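Read the single chain below, which is given as C-alpha cells and is the form predicted on its own.
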C-alpha cells in the first residue's frame, strides 16, 4: 500500500500507540508505596479499572448517561473500585492525581520512530476515545508528534458510534477512502472500513496483559497487517 492516495493517517491511541497497562500499573504501585499501602494486586486493580471503561462509554452512546468525557468516566470507575482494592484511605487529591496517570501514558518503543516516518510523508493525528485534554497532555508528556487531535470530545460520542467515524471523515475533507486508520483493535478497523476508510492493523498481543483474549491477530484482510508502527511505516513509506 502506498501513501500516494492517502491524505491523512489517524491512529487509535490506547494500546496501539501507548502501553497504557504497564504505565498505569507503575503509577498506581508508586502511589501505593508513597502512601504505605500494602498487599494490593496492582495488575488486577488496573485491569478492573480498565474493565469499566467500555460499559461506561456504551451507556453514554445509548443515552443512558449524559455526555461526559472519559476523564470523568475513569474517575467515577476509580471511585467504584477503590474500596474493593483497599484504597479507602486515598484522599480526593490522591485519586485525582492517580486518574491523571492516563494523561501520562508512554508509547511503545516502535511508536515514535514509526510516527515520525509517516508524518514526514502525510499529516498524522489521533482518533481516540480519550478526551481532547488528555490527548494533548499525553502528547506533551510523551513527545507524540501529532499534527492534529481528534477525540470523542469533538463528536460527543465514543467509538464505535457512527458519529465519530463520520465526523472524522467530514473534518478531514470528506473523502473516506483517502483516510487510513491505524489501530490494534479489530472492531475499530471494522467500523472504519464500514464507513469507507483504509485500514492498518497493529498486532499488540500484550496490550491487555498476559491473559489477553482478544485482538491477538488480524480478523479480516486489512489493508496493512503488521506488528508495529514501524512496520506500518515500512508498508506506507518503503
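Positions refer to the first chain, counted from 1. Everything quoted here is computed from the prediction, not taken from an experiment.
Not on display, but discussed next: the form predicted in complex with another copy of the chain.
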ask   = Quick one: of 56, 189, 172, 207, which gets a non-hydrogen atom within 4.5 angstroms of another copy of the chain in the predicted bound form?
value = 172
request  = Just give me the single entry in 85, 108, 165, 146 that has a non-hydrogen atom within 4.5 angstroms of another copy of the chain in the predicted bound form.
outcome  = 146
key: Residue stretch of 75-83, 157-165, 126-134, 88-96 approaching another copy of the chain in the predicted bound form, non-hydrogen atom distance within 4.5 Å   = 126-134
ask   = Is residue 142 close enough to another copy of the chain in the predicted bound form to count, meaning some heavy atom within 4.5 Å?
value = no
request  = Answer for residue 104 alone: is it within 4.5 Å of another copy of the chain in the predicted bound form, judged on heavy atom distances?
outcome  = no
query = For the stretch 110-129, which residues lie within 4.5 Å of another copy of the chain in the predicted bound form by non-hydrogen atom distance?
reply = 119, 120, 121, 122, 123
